[in-house]
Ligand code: PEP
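Shown below, as C-alpha cells, is a lone chain in the form predicted on its own; questions about how it binds or moves come after it.
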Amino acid sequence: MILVLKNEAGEETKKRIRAQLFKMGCIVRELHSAGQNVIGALGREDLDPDTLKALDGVAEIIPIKSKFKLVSRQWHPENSRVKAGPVTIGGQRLVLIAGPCAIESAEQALTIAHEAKRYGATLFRGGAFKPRTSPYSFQGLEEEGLKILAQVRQETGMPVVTEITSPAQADLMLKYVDMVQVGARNMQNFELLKCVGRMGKPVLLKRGLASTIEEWLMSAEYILAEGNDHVVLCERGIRTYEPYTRNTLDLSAIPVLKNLTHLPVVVDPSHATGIREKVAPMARAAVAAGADGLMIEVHHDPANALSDGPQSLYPEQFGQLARDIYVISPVVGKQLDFDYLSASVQQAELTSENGHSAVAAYFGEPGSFSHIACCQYFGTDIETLPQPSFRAIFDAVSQKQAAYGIIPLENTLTGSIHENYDLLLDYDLKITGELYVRIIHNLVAAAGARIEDIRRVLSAHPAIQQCRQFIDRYPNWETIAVNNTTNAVKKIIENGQPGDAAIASREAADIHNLEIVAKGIETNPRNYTRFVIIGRKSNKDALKNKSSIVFSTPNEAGALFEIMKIIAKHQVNMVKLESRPIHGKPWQYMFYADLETDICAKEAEHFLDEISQATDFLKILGTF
C-alpha cells in the first residue's frame, strides 16, 4: 500500500504512522513523490485499506496492484540511476559494458580492457567464477581472476563487473569488484538474491533462461526487499524452439520493462545470439528500442578463447559498433561519448587543483537544450553553472569558474552559430569533445490549455525558425523572440496570460509543471544541434580522431586550393569548411575546418607542417 499523507502532516505524525505500520508487521519505506508526503507499507497482503485510511494524518490509500512492489513504477515513478564507480547506468548516457566471457590471464584481460576502453567501453566485464553447462568446461580462475579484475580497474580506471555464483563468494566480491552480476542460471536462486541484496553493491540481474518478465521482476524484488535498490536488469535472450541462434533476444521486453519498472535496462546481444555476426545488428536494435546500455563480449583472440569465443567481437568490430551506436543514440534522446572516463579523471584533477567541485557551464537554465546536452555528455552528477550568454561560458572556463563549457556550433535546420565560431578564435581554449543532440520542440502552456486558445508564442529565435511550418498554420498567432527557450517558459508563467504558450523541451515543461499542447512541432524531424565541449586543456588519454582548425590564406589566386591539395594528398577527410570575415579587415576571411584525423599526433607531423607553411595563420581549436 502507498499512504499519501495530509499536507499538514509533520514529522511527529509521520513517526507515529511508521510506528503503527511496524507494529502491524509491515516493511515501511518513506517515499518522495511530487512534493507529497508518502509512506509505503509492504509485506502484508491482508492489510485493510479502510483501516490504514483511518490512521490520523492519512489522506489517501493507493493499493499497489502488481505482485512486484519496490521495483514498480507505481512505487517509484521516476527512472532510477545506478552508479558503479564513476559510471552511471540509466539516464541519458548509454553505457557500454565490454570484456571477455572469462578472465584467462592478466595479459589477456589487460589487452582487451585497454582496447575496449579505447573504443568507448566504460565498464569492464569478465567472469572469475563460471557456471558452465558441462562440469569439464573451464570454470574460471576464481579469486585469482578477481585480483586480475582489480588490476584492470587500477590500470584503466574502468569499474569492473563479474558474476557471483554462491553466497560464499560475497566477501571476495566486496573486496575486488564494483558491480556483481547474477547470471541467468541463478535468477531464481533466492538465497543468492537475498545475499546480493544485503551486500549493497550494484547488481546486474540477468533474465533467466526461460523466465517471464514478471518472474524476472519478482527476482529483482528479492534484492530490493533486502534494502539494495542499485539493480540493473539485463535482457540476454530466452530459450525458444528456434535453433538458428543460441537464444531468442526479446527486444519487446525493453519497452515493457520501461513501462513497468523504474530500474535501468541493458541488453546482452552476445549471449542472446551466440553468433559474432549477429551481435552488432541486435545491439543497434536494442538501442533503438530504448536500452540504457549494452553488454558486449570482446576478445582479441576469440579462436583460442576458453569460453564463448564464437560470440565475442574482435576489438575493431566493437569499435565499429560503438561508432554506429554513437550515430543512433541521439535519435532516441541518448548519447554515447568516447572519452567519458578520461573526462572524469580530468575533472578529478581539476577539482584537486582548484579545491572545489569541477563544473560545466552552459547557456540558459535547467531544461534548455544546452542543459540537456550537458547532462547527456557529463551525466547528472557534475555540478553545472548556468550562464546568460555564450561569451559568459567562455569567460567562466577561462577564469576557472568552470572546468568545461558546452556550446552549440551548428544546427541541421538553421545552420551555424557564428558567434561561437568567433569566440573560439578569440579565446585560448580547446575543443575537447562533441555531441549531437536531437532537438524535439514542443508547444507548452498552462495546464488545461487548448491549441485553439493560443494567441502568443514565445521562444528563442532559432526555435521559432525551426518550427516555422507548424507556426504558419496559425496566422493569428503572434511570435515573440526571447533569449532562450527556458526563458520563454518562465515568461509565460510570470505573465499568467491564458493565451500564451512557449516552444521548449519536454524537460522544461516537466520542471515548470506545464502541459504539452503539441509534441514534435519542428519542421523537420532531422533537427540536430552539434555541441562542442571547451576546456583549458585537451583530455590527454582520450581517443582522438577529429580535429578542428581555423586558418587564413595569402590573398592570392588558388591559395585555398593549395590547402585542399595538401589535405587530399594526406588522404584526410574534411567534414566541414566554413568561412568567417576577419574583424577589421574587410573582404578578408578566416576558414574553419573539421578534419577526421588527430592533427597533433606524431604520425601527422608532416601534414601539420605543410598546412602551416601554406597558411598565413593557423590555430588548432582542438583534437577530440
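Quick note: we count residues from 1 along the sequence shown, nothing fancier. Not measured: the values here are computed from a predicted model.
Omitted from view is the form predicted in complex with the ligand, to which the following refers.
Visitor: Tell me the stretch among 314 to 322, 382 to 390, 411 to 419, 176 to 184 that has any heavy atom within 4.5 angstroms of the ligand in the predicted bound form.
Guide: Only one stretch passes the 4.5 Å heavy-atom test: 176 to 184.
Visitor: Just one of I503, V203, I492, M295 has a heavy atom within 4.5 Å of the ligand in the predicted bound form. Which one?
Guide: Partner contact (heavy atom, 4.5 Å) among the options: M295.
Visitor: With the ligand left out of view, choose which of K430, K334, R236, K546 has a non-hydrogen atom within 4.5 angstroms of it in the predicted bound form.
Guide: Filtering the options by heavy-atom distance leaves R236.
Visitor: Identify whether the ligand in the predicted bound form is within 4.5 Å of every residue in the set C101, R125 and K130, based on non-hydrogen atoms.
Guide: The answer is yes: all three residues contact the partner (heavy atom, 4.5 Å cut-off).
Visitor: Against the ligand in the predicted bound form, would H271 count as a contact residue? Criterion: heavy atoms within 4.5 Å.
Guide: Yes, H271 sits close enough to the ligand in the predicted bound form that at least one of its heavy atoms falls within 4.5 Å.
Visitor: Going by the ligand in the predicted bound form, which residues of 143 to 178 come within 4.5 Å of it through any heavy atom?
Guide: Contacting residue: only E163.
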